[in-house]
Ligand code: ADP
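The chain below stands alone, shown as structure tokens; this is the form predicted on its own.
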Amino acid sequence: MKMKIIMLGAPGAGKGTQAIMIAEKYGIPHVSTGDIFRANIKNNTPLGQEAKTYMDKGMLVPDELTVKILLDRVAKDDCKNGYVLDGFPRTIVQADVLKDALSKLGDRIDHAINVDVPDENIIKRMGGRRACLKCGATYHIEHVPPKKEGICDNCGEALVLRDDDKPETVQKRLSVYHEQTQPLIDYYGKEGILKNVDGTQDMNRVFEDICGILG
């Protein structure tokens, strides 16, 4: 059974974690656009060189090139039974470019799964994160607290609230998401492939709900 899946959801909704769990359970690759950009640039591929010319100037990589890099990745043998897309598409324009490119190959996305979490939950969830800048360990003051408050279990360094996780930064990221990415929920709803899951539940319960959808 082929499974080409797009993960949707606000930043901090937990879609990346779910994408990794889906990939492991169903034996399909977790395809993160950030990872494939980095791999192409590191390996100095023609597509990577082209993307780097934009990134070096601080510009966004055009949608057509992003989709080219993505299609190059999903054409590899390990994707023959499907894949989980994480971080793409982010806009309606990207969704259209992807749809056209796949349809030319006689292919299409099978499922779009939206991990639905209200903004206030996300702000609280991300505001509770703490990170160790020395060893990279991450914690959550409620869900994964360190043994000693404010101190990393691994290396004893002080834990910090990253700028990315501060409420005002999270609010800005959510505003961008609502403006650019949330319209994709309607888009894939019209395509008839959208399924919503309640992302406020325990992580394993969310995963059970997703597996119920995928079968």
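Keep in mind that what you see is a predicted model, and the values were worked out from it rather than measured. Only the largest set of C-alpha atoms that superpose within 1.5 Å between the two forms is called the rigid core. Residues carry their position along the shown sequence, with the first being 1.
Separately, the form predicted together with the ligand exists; it is not shown, and the next lines address it.
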| item | value |
| --- | --- |
| Sole residue of 143, 108, 80, 104 within 4.5 Å of the ligand in the model of the complex, by heavy atom | 143 |
| Check all three, 116, 182 and 189, heavy atom within 4.5 Å of the ligand in the model of the complex | no |
| The ligand contact at residue 24 in the model of the complex, heavy atom, 4.5 Å | no |
| Distance check, residue 73 to the ligand in the model of the complex, heavy atom within 4.5 Å | no |
| 4.5 Å heavy atom contact, residue 10 and the ligand in the model of the complex | yes |
| Contact label in the model of the complex: residue 201 to the ligand, heavy atom within 4.5 Å | yes |
| Heavy atom contacts to the ligand in the model of the complex at 4.5 Å, residues of 16 to 36 in sequence order | 16, 17 |
| Shift of residue 129 between the shown form and the other one at or above 2 Å (CA, core fit) | yes |
| Yes/no, residue 161 Cα shift of 2 Å or more between the shown form and the other one with rigid core fixed | yes |
| Sense of the change in Cα distance from residue 137 to residue 115 in the model of the complex - at least 3 Å versus the shown form | closer |
